[in-house]
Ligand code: COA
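Okay, here we've got a single chain as structure tokens, the form predicted on its own, with questions on binding and movement later.
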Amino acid sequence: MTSTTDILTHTEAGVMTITLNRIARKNSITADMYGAMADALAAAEKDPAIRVAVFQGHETIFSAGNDIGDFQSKPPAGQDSPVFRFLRGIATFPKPLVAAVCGPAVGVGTTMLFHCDLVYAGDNAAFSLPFVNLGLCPEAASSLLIPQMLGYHRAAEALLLGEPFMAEAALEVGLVNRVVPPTEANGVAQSIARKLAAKPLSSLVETKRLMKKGQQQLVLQQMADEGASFGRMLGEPAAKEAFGAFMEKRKPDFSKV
């Protein structure tokens, strides 16, 4: 199992909690963190004593998305890379997945939520999908799942403009189940997880399977298609300009790409 203090795991009463713990860097996710989360999900899937998994961050930040520096130095190298293992892990996890989200949830910090079964947001949550602004395309099958949930025009607004939308808007379109004060979000998610863990695991797993079976293969295929495009676009001029501008703290100039 991958080990990193930037991802904490704790198991109690049938609930595995996976905590993003890199607050000084706004919980931006490195390859090692993806590997740790992928390993945690795989362990939770195999362990019959674990009935529910919970993702949480801090009351001020869920995740700023990929760590750009780490991503540039360790770009995904094929479908067995940590990020793709994690994405497949959340897409195929058979047990209930719960998330508590407060503060910014950028890029994968938002797209991973489309694979969670229940999501509880602090009223300070801000969701954003800035892939186009980075010269890239969506990931985590979000180009399939976001139009399904939000409708095409709202999905186009979120994905083509990449501008944040807040907790109440996420509640309106069904991305989150409830909006609560930030100091309560993790506790609410834990309470719901314990309720789920008290139910028969076979019923939880079969109910989730039946709800998702119609599009499981579509999701995995979309992830693969997005991954191929994402990998190609990482080496193209638009992404290089976007990442260079980010590192140099300037506005990108896409006029020539």
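Residues carry their position along the shown sequence, with the first being 1. Bear in mind the structure is a predicted one, so any value in this text is a computation, not a measurement.
FYI, the form predicted together with ligand COA isn't displayed, but the following is about it.
In the predicted bound form, Ile146 stays away from ligand COA, with no heavy atom inside 4.5 Å. Heavy atoms of Leu218 never reach within 4.5 Å of ligand COA in the predicted bound form, leaving it off the interface.
The closest non-hydrogen atom of Ala49 lies beyond 4.5 Å of ligand COA in the predicted bound form. In the predicted bound form, ligand COA sits beyond 4.5 Å of every heavy atom of Ala43.
Among the residues Ile61, Leu201, Met223, Ala38, the one placing a heavy atom within 4.5 Å of ligand COA in the predicted bound form is Ile61. For the candidate set Leu113, Leu97, Ala140, Leu134, a heavy atom within 4.5 Å of ligand COA in the predicted bound form is found for exactly one residue, namely Leu134. Contact with ligand COA in the predicted bound form holds for all three of Lys26, Pro104 and Phe246, each having a heavy atom within 4.5 Å. From the list 205-213, 62-70, 187-195, 49-57, the contact stretch for ligand COA in the predicted bound form under a 4.5 Å heavy atom rule is 62-70.
Shown without its partner, the chain has no residue in segment 142-163 with a non-hydrogen atom within 4.5 angstroms of ligand COA in the predicted bound form.
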